[in-house]
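First, one chain by itself in structure tokens, the form predicted on its own.
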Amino acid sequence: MVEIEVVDKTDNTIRLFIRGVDVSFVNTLRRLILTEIPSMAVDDVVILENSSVLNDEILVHRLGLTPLTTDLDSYNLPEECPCQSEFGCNLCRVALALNVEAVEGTRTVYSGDLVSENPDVKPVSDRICIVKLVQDQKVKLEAYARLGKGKVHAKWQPVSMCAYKFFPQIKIDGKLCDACEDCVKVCPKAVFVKVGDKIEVRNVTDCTLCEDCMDACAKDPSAVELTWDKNAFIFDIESTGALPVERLVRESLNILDKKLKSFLKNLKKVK
């Protein structure tokens, strides 16, 4: 029986405890989130004027890596859109305009200066620096964003971090341990704490499984035993802001379900 528990959640991060599965399952979820969930990113740019110090190509690259909020329900992937046009349509493309000039002194162009034709598709933050202009320099362009997948380019990855680790299991042999505190001092995550005349484990989920605590123990065998549950995992996701973290988890499971159904269907054809 698979068990999933949400232990920590913010606007852009989530930590899950997943039990009852093996490493192939959680790694599949990780890869699907990184490569298969579509998100919006600038893909085409028409430079009308650029007198800044940045070359056109660098400016376009910075725009492409600016995360955009994504509306998966209103837009199609270009290859799946009925228009089948290389220029796109209002069902698969969003236009953003940038027209900034440094009239007096220097001016920093931020992502908030981009004006989108759809308020639901815009930079996730208004304070992402694009370029700095000195007096009389100007940038005027039209950018076109579309859905894409991380397996094509990193700019379409909806997460800035997606990782998992085995659930740590730490035991301290009270008969061997003399509370010397060597494991307390060496642990980078402060998992151990001295209480009275003994060592106790706190915040076991912060353990990185580095095994420094075992190496630091002078006892032979070590008074600290560190192992991990091969069927329990700590799964951490951090969204770029393109999609809510809950949507990322749901979409990855939906994609996995579709791929498995497609595999079974093709398998029946082979038989």
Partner chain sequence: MEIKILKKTSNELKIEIEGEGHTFCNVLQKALLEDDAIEMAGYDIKHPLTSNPTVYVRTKGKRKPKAALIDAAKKMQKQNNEFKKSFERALKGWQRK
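Nothing here was measured: the structure is a model prediction, and the numbers come from that model. Numbering follows the first chain given and starts at 1.
Separately, the form predicted together with its partner chain exists; it is not shown, and the next lines address it.
* To do: Evaluate Glu211 for contact with its partner chain in the predicted bound form, applying a 4.5 angstroms cut-off between non-hydrogen atoms, and reply yes or no.
  => Flag for Glu211 set to no.
* To do: With heavy atoms only and a cut-off of 4.5 Å, decide whether Thr28 touches its partner chain in the predicted bound form.
  => Result yes; Thr28 sits at the interface with its partner chain in the predicted bound form.
* Val224: touches its partner chain in the predicted bound form, heavy atom cutoff 4.5 angstroms -> Outside the cut-off, so no.
* Spell out, yes or no, whether the shortest heavy atom distance between Asp215 and its partner chain in the predicted bound form is within 4.5 Å. => Asp215: no, not in contact with its partner chain in the predicted bound form.
* **Residues in 246-262 with any heavy atom within 4.5 Å of its partner chain in the predicted bound form** => Sequence-ordered list: Glu246, Val249, Arg250, Leu253, Asn254, Leu256, Asp257, Lys259, Leu260, Lys261, Ser262.
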